[in-house]
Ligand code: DGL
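Next up: just one chain, as structure tokens, the form predicted alone.
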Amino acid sequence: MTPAPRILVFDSGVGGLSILDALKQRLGGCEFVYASDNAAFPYGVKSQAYLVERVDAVLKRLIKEVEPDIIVVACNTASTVVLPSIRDHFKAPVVGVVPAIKPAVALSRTGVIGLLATPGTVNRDYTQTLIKQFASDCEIVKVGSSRLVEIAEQALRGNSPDKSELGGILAPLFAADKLDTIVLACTHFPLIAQELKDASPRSVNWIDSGEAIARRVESLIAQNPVNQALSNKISTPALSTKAIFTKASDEINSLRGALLKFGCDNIAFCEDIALFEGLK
């Protein structure tokens, strides 16, 4: 029997769970490993030089342990910085998550689009290139928020977001009267998508990268003759998912309920991840 393709989903925190969910909905027959570099969380405030070195080092260790068929870097910040570097080093296909500028342009009727991301993603050259390439005729209203990442992380731990605080973060976007589409350009943000909608003063289109990433991974699997048997497994229940953290923390215990909701019923703690000791 052909083994199910093994997909490594990597993020600095737990925002990548939104990508994991999209992948599982489309590719339920695959084997997933979710890895969080929580020892270096959050990535959004780190320098480019730090991220290139850090992500490369952590992924090398993860690949050795997990032996994935496909790697999904489920972090907009990391993807906009390190994709070229890690693709040069690893044999397995690497799929990055970048701001959904192109599909947002296709969806918008007014040409006024909000980009909600971390400060790092908002200011990266990669993001500016995407805007120039796909949205040169549009008005892009950019808001960078590290606080929203923290809010999403806490929401997974059972702490409901404050509606007025969310409204304050969103206010600069809705100051543009013709804005009709908002890109959630951080994988944490879809985790609180409903709360963001509820805090908005008017209805707009909301778009993220989850579905597009799932389609891309599916196409990569289909290109590999070894994995052609997957077509018979896609509708089967998802396999058990292992979650790996690069730092043991009491915070992980508060995430157990949320991790179980995403099918992560096998959690690796400190004794299992000693290989990350010494990483800066």
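Since this is a predicted model, take the numbers as computed values, not measurements. In case it trips you up, residue 1 is the first one in the sequence shown, and so on.
Form predicted in complex with ligand DGL: not shown, discussed below.
Trainee: Quick one: find which of 174 to 182, 81 to 89, 204 to 212, 68 to 76 has residues within 4.5 Å of ligand DGL in the predicted complex by heavy atom distance.
Mentor: Selected stretch: 68 to 76.
Trainee: Consider the chain as shown here, without its partner, and state which of Ile140, Val149, Val95, Leu156 has a heavy atom within 4.5 Å of ligand DGL in the predicted complex.
Mentor: None of the others qualify; the residue that does is Val149.
Trainee: At the 4.5 Å heavy atom threshold, is Phe41 in contact with ligand DGL in the predicted complex?
Mentor: Yes, Phe41 lies within 4.5 Å of ligand DGL in the predicted complex.
Trainee: Does ligand DGL get within 4.5 angstroms of any non-hydrogen atom of Thr121 in the predicted complex?
Mentor: Yes, Thr121 lies within 4.5 Å of ligand DGL in the predicted complex.
Trainee: Which residues, if any, of 201 to 216 lie within 4.5 Å of ligand DGL in the predicted complex when only heavy atoms count?
Mentor: Stretch hits: zero.
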